[in-house]
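Single chain ahead, written as structure tokens, the form predicted on its own.
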């Protein structure tokens, strides 16, 4: 199977079963992918983030049970992405039991059950230039763009094979030449106040994902003090609607200190984003009627900083009783806000903090009548297909004011081009 791939002595030892049946099983899959993608060699990874940590059918369990039977063990730090349910809350259902079985099978291999779509919130982060095997779309954009680490969108089961062997085919974003920007995105026509608002970046990402067709964008004339939360939202919007693996923001992201650093060649096409482009993206995510039923925040999972912003915007006000308020985060972040007292503050004002899963799939949201409000372009984009509910996207401040009022509160003037 390795006719196209140059293997190290260590790779060959794995391939020949000298390190055990599980690594051999994983290596066979890796080499199949390497040959299919015409990779010249395998490279070592520093960490893995596994996407298949939910129950999608018996086939999922059979693969994992096979790996457990082979006594597979990961050899790099490996974390699990979101599950299908909140596993930290005991439930009596077949779905709950099956999701637990999947997670337990991964834990048997040494994976950490962080159960988050935002592994970049955890303590141990890859550095610029590190190869990793991450397999969650927003995390891939964040790793490549914000951290400067290197990963493709590692497919389900390829991710665990990489974690077991510590190796991955060197193609795509692992190669320096493929990480250069191929199109310039000029933000100079947009109102400056938009560039400092959380609601802008998911919409910009949505617009870029739809229109880039896999190009790697270089953003110029942007906010030089943009937060990592905003960059995360930008990447999530891109990944939600498109297949672009990374982006550059000149003067901000690690591989784009100057335009010359990150462009594939001189004379790239320049696209000027207009206010109407952003408003059109916003209109795409404005669905349903004006009957507000629930507010869902934290897709991707809420950061500690976002909890602090939410608390400040609430200013001690509770959300309306008729509004169901859900915030998704990971166990690590929940522990941080619990220790600081922030968890009690937020829950005391009417929000429920959910871990392990995301509210735009599964049964976490429950039955709702009316429209769900969210500050996540991803949640609003997927809601109808995943849950059959209508959703509307607004920025964080609008979400908070709406939740408190129990009705939509929109700052239409903010989105004027003037």
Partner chain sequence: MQNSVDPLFGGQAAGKALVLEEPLSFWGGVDISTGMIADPHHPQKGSSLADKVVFLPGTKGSTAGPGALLELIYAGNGPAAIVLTEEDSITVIAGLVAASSFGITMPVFRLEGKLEKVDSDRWIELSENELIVSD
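Numbering follows the first chain given and starts at 1. The structure presented is a predicted model; accordingly, all values stated were derived computationally and were not measured.
Heads up, the form predicted together with its partner chain isn't pictured, but that's what we're talking about next.
Using a 4.5 angstroms heavy atom cutoff to its partner chain in the predicted bound form, none of 103, 126 and 128 count as contacting.
Using a 4.5 Å cutoff between non-hydrogen atoms, residue 43 does not count as a contact of its partner chain in the predicted bound form.
In the predicted bound form, residue 242 approaches its partner chain with a heavy atom inside 4.5 Å.
By the criterion of a heavy atom within 4.5 Å, residue 351 is excluded from the residues contacting its partner chain in the predicted bound form. Of the heavy atoms in residue 233, none are within 4.5 Å of its partner chain in the predicted bound form. Checked against its partner chain in the predicted bound form, the candidates 158, 278, 327, 292 yield a single residue with a heavy atom inside 4.5 Å, and that residue is 158.
Contacts between 370-389 and its partner chain, taken as any heavy atom within 4.5 Å in the predicted bound form, involve 381, 382, 384, 385, 386.
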